[in-house]
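One chain is shown next in structure tokens, namely the form predicted on its own.
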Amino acid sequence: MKTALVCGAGGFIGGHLVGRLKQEGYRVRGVDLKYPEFRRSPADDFVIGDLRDPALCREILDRPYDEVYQLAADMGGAGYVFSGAHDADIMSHSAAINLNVLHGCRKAGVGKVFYSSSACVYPGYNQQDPSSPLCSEDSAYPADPDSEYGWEKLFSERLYLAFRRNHGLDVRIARFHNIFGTEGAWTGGREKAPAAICRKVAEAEDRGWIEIWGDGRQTRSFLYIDECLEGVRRLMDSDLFEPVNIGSEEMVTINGLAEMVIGISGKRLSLRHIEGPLGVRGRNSDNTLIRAKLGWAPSAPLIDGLRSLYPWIRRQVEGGGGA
């Protein structure tokens, strides 16, 4: 039986990843500051603790796991990342976690180490045209991320690659592009755009309106959690150690995203544009490299994921909870 450690197992992606690994027959230890919010973790062992503490990392990395998945980070949606109010925490907390995990993996003789990076590493100057952003993996340099969150992710990518060169760690790095799905943050400021819009639509009265930050013509792509996990597992089974995009190539405006959700809801709503944190004008995954190296790329339509997400968030809004 293969063994895996999932750092950030109480979070959205980490919680789903634990479930995927258990389905594949792994023995899984999870670690996080908290348990998953919406369901009991299927992990064989779950440690509540702070990965910024070197002593905790030494405690949990007490064996040569076959695989370690490092998803723990101080993060959130645009309202958290782009406000500027959390920059010091975002950079220092996440960098401390990665340093501790890497030193622990090296000492424990871990087999493979996965690091979840982000599309936020890409330069702002390549993402000003919402119709044609440039986000191929080789476009990350000259570096100019649009946020301190992106700078920390880029630094940590280089840190993992340095540990590979100098200490022989077998690393895998994925640049996630806006992963969404059920059992994730949907309120409170850390939620991503699909969840935020689903919440606004669920809360709105029929024939009313919802607020959209900016003019709504900024573009993004969004990847449903199931395809994200498929990409992660394929990457771990490959020999590709260079950073690779895991995201959808189905680019949509934020207005278009809102219209999709409104259509699913059956309500008749209008959009009201207000000022708010926006990030870059355009971003879309470039899947050329993952197709060439893994022979696979995400392909599920965005609307399918939204059809799963909206009813789940509507139940949260209505107080019904449930999966």
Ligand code: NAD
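Just so we're clear, the structure is a prediction, and the values are computed from it rather than from any experiment. When you see a residue number, it is the position in the sequence shown, counting from 1.
Although it is not shown, the form predicted together with the named molecule is what the next lines describe.
Although the partner is absent here, Gln218 is not a contact residue: none of its heavy atoms lies within 4.5 angstroms of the named molecule in the predicted bound form. The named molecule in the predicted bound form comes within 4.5 Å of a heavy atom belonging to Arg52. In the predicted bound form, the named molecule lies within 4.5 Å of some heavy atom of Ile179. The closest non-hydrogen atom of Leu102 lies beyond 4.5 Å of the named molecule in the predicted bound form. This chain is displayed without the named molecule, yet in the predicted bound form the stretch 112-120 from 112-120, 158-166, 233-241, 130-138 comes within 4.5 Å of it by heavy atoms.
Using a 4.5 angstroms heavy atom cutoff to the named molecule in the predicted bound form, all of Gly14, Asp32 and Lys153 count as contacting.
Checking Ala78, Ile210, Ile97, Ala195 against the named molecule in the predicted bound form, a heavy atom within 4.5 Å turns up for just one residue: Ile97. Residue Leu71 is the only one of Val171, Ala202, Leu71, Leu229 with a heavy atom lying within 4.5 Å of the named molecule in the predicted bound form.
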